[in-house]
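So this first bit is one chain, no partners, the form predicted alone, shown in structure tokens.
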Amino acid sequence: MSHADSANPLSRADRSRDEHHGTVAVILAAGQGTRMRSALPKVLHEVLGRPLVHFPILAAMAAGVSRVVVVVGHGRDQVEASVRKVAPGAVFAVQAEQRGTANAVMAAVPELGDARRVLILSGDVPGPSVETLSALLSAPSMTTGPAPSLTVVGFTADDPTGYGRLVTGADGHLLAIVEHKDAVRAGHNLVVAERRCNAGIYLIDRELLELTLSRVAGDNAQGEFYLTDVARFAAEAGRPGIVHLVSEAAEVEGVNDRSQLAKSESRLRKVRNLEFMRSGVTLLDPERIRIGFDVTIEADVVLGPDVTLSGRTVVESGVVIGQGTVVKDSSIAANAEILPYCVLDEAEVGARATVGPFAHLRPGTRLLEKAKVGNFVETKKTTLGRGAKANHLSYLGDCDVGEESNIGAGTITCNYDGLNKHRTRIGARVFVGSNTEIVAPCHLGDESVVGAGTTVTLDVPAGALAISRAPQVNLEGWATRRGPFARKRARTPSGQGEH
């Protein structure tokens, strides 16, 4: 998959939607996820900035399902609000009491509409790719007969402990899915030893689903209603399912605790970083670079170690981003340079502009072409015109700076009076001396000059010099008689110097 498709799987949805128009995706997202030990619903924990529940929804939509039904329960309002961000047309079904996966699917049945097939996915499994789901929806039968009524995705595990096992007959048809605990309890040693495991992804005919769900009972080690029972009931009804094995077990691994969340992020980060490198992006230390799923990066960009790019960030060709920089929901135009350890949040950086090191561009910052923001400069709702510079130790808030103006070290725009924010306007080719305070609202005209140490409280006309320093007065001998070292000497006993 290209990095563009990975970032936006919906871009391919139209190519397959007609083919699978009768398939509805049911996403199971009602569980509390107690092993996460979190007030946040498990399916809203993020991998590379994307909530877990978004992954199966986006993949299913890109694979061409006609509708998405999300089963909610714990944290219902939060989950629904998150889902609507990526699937405004999603339908929600409520599982009032969490009594297992079959019970969750039962809650979704009234929302299936005229669906002929149902694709069932877990909201805590971020891995299934669009390719895997498309292959599942399009897979032919094992025989020359009609397509199977049930297909279950499986994987081969090196250590299958804890996973449900796929039990097949000599002809390869699926006879049952046995949960690990139930197999141990029943003494099914062969089942326990079987390494082919259930991934929890099902494609089933609507009719067969409703028929088998009506037979599911909570007769198992957990006293829950298992969706896995549909495999046995389908076989007993003479309509056995088939197994669709994925080549990589990691693709279908779920997230149950924080360590598994970190493992999923690590795996997907490696996949995503590899896609970017193959598309022409240089990652100086891929293991230490984190790029969110909604980020777009053009070729010939260089990213240093410990760079984090998230949100809807766009980085154009030729940009260099130095070590430790964090960028969120920002755009960086061609050939700009972001020096190490900067923070950019909802900012726009123009072509060939320079930022940093250690600069903080807060929301609403715009740097036009060749503008420069340097060491320990903070900006907020501020525009720097073409070639304007603020090189050192300044705060520019609610401010417009004209082209080629120079903002001296230690300059502060005093934009807040305790009740309201006010704006500062600095014209073109203005020189602001060091350690200047500009009390907004204020306008500095084109080519004006502000002397170092000035507090500006009035507008400065174009071409004028503004200076508000008091005259310097030197009191001869004052420091010798009354300065700190004089007082220190007075406290030291005569003849006893300090060592």
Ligand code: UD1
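Keep in mind the model is a prediction, meaning the values are calculated, not measured. A residue's number is simply how far along the shown sequence it sits, counting from 1.
As for the form predicted together with the named molecule, it is not shown, yet the points below apply to it.
Asks: Let me know the one among Gln98, Gln78, Asn375, Thr383 whose heavy atoms come within 4.5 Å of the named molecule in the predicted complex, would you?
Replies: Of the candidates Gln98, Gln78, Asn375, Thr383, Gln98 is the one lying within 4.5 Å of the named molecule in the predicted complex.
Asks: Report the residue, out of Phe92, Tyr226, Phe276, Phe293, that has at least one non-hydrogen atom within 4.5 angstroms of the named molecule in the predicted complex.
Replies: Looking at Phe92, Tyr226, Phe276, Phe293 one by one, just Tyr226 meets the 4.5 Å heavy-atom criterion.
Asks: Quick one: Ala104, Ser122 and Val125 and the named molecule in the predicted complex, is every residue within 4.5 Å by at least one heavy atom?
Replies: Judged in the predicted complex, Ala104, Ser122 and Val125 all sit within 4.5 Å of the named molecule.
Asks: Does any heavy atom of Leu344 come within 4.5 Å of a heavy atom of the named molecule in the predicted complex?
Replies: Result no; Leu344 lies far from the named molecule in the predicted complex.
Asks: Taking the shortest heavy atom distance, is Glu179 within 4.5 Å of the named molecule in the predicted complex?
Replies: Although the named molecule is absent here, Glu179 would touch it in the predicted complex, with heavy atoms inside 4.5 Å.
Asks: Mark Val65 yes when one of its heavy atoms lies within 4.5 Å of a heavy atom of the named molecule in the predicted complex, and no otherwise.
Replies: Flag for Val65 set to no.
Asks: So, Gly356 and the named molecule: in the predicted complex, are they within 4.5 Å at any heavy atom pair?
Replies: Outside the cut-off, so no.
Asks: Name the stretch, out of 403-411, 226-234, 323-331, 265-273, where some heavy atom lies within 4.5 Å of the named molecule in the predicted complex.
Replies: The contacting stretch is 226-234.
Asks: Judged by heavy atom distances of 4.5 Å or less, which residues of 157-176 approach the named molecule in the predicted complex?
Replies: Tyr163, Gly164, in sequence order.
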